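Next up: just one chain, as C-alpha cells, the form predicted alone.
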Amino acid sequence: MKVTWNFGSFLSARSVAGDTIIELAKKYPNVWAITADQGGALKQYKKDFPERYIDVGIAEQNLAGIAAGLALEGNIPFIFGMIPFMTMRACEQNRTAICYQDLPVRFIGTGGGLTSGAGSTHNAMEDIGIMKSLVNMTVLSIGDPNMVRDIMLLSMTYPHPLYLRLAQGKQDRMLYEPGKYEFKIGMGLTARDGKDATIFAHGEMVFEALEAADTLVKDGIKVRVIDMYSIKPVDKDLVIKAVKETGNVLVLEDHLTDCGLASVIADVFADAGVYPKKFKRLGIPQVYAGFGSGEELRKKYGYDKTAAASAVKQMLE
C-alpha cells in the first residue's frame, strides 16, 4: 500500500501487515499466515496462497499449537489475532508449545490498550506484562504503521518468538518518513530531543507524547520523546542516557501502569543504580475501563497528551 508520507496522517497497520505477508510469502516458501477468525487483512493472501493459510475459528489455543507444529517443521508462521485472546486464552500454549521450544512464531495482535472500543473483555491492558514474562518471547509495540513492514521483514532472520503489538490497526498515525530510520530489536528511537525531561512511550502513545512536547515548547520546556518500541529486550543504554541528561522521566503507555513499560524502565534504574530526579507513570489504572474510544478513555483515565504535558510541568515546578 503506497501512501504519501505526511506526519500525523493515517494509515492502516492491518493493511500494511496484510500486504507485507504477501510480499514475504512470494519470497519465502516457508511463510504461513494463520488466524483465529481475524483474517480480514488476509483476504488477498488467502487467494494467492491458500495452501499456506489456516483459519481455526475462535480457538486461539489450537492456533498456538498449530503454529508450534509448523515452526518445528521449518516454517515461519505469522499469527494474526486480537490481543486479549491470543495472549490470555492461549497463554499456556504460548508458553509451553512455543516459548519453551524457542520457536520462530510471530504474533501480530490488534487492539492494544483501550483501542478496541468493545469493552473490557476486548481491551488489552495486561498483554505486555503477560508476554514479557514468557522466557524467549520478544515484545514490540509499534506506533507508526509503516514500521510493521520493517519489523516483519527483520523477523525473517530472527530465531525467537516475537510479539508485535498494534493499536486498533485501522487508522494509525504515521510518525516517521519511510526509510529514514533503521529499526532494530532491542533498540529505542529518539523521536524528539530535549533537555528538561524525557517521555518514554510506545505504540499509539508516541504520537500523544509528541503532541504533548509540542504544547510544552510554547512554555519554554524542551522534552525528549523516546519511542521505546522494543520493550523486551529494552534499550538500557538509551534509558540511562536519557536519565543522566534530562533528570525527569515520564512513562506514557496504553497499558496498566504496573507490569508494562514503566516497570521495565524502573527495573533498568534499579539495576544500573542510576535514578531520575523525578519519575512518574501514566497509563491505565487498576480498573476495567468499559466501553468508549481510545481517545475518550485516555482522557477519562488521565493519560492523554494533556495529562502528559501537565505531569511534565509538575515535575519541573
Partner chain sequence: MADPKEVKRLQTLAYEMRKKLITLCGHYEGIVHIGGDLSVTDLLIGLYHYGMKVDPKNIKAPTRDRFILSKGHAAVSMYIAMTLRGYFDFDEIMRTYGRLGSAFGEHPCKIQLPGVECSTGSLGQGLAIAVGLAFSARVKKETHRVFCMMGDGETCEGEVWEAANTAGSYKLGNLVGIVDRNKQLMTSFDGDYINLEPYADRWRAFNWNVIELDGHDMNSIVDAIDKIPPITNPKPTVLIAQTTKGRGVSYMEHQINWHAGSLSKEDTEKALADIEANYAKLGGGK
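Numbering follows the first chain given and starts at 1. Small disclaimer: the values here were computed from a predicted structure and weren't measured.
Beyond what is shown, the protein has a form predicted together with its partner chain; the following relates to that form.
- Here the marked residues E51, G69 and L72 all reach its partner chain in the predicted complex, each with a heavy atom within 4.5 angstroms.
- You can rule out all but one of 164 to 172, 120 to 128, 98 to 106, 236 to 244: in the predicted complex, only 98 to 106 has residues with a heavy atom within 4.5 Å of its partner chain.
- Taking non-hydrogen atoms only, D254 never approaches its partner chain to within 4.5 angstroms in the predicted complex.
- The closest non-hydrogen atom of Q93 lies within 4.5 Å of its partner chain in the predicted complex.
- Its partner chain in the predicted complex comes within 4.5 Å of a heavy atom belonging to D55.
- A residue is said to contact a partner when one of its heavy atoms sits within 4.5 Å of a partner heavy atom; V268 fails this definition for its partner chain in the predicted complex, lying far away.
- Residue in contact with its partner chain in the predicted complex (any heavy atom within 4.5 Å), chosen from V274, A289, A59, C259: A59.
- Along 6 to 38, a non-hydrogen atom within 4.5 Å of its partner chain in the predicted complex is carried only by W32.
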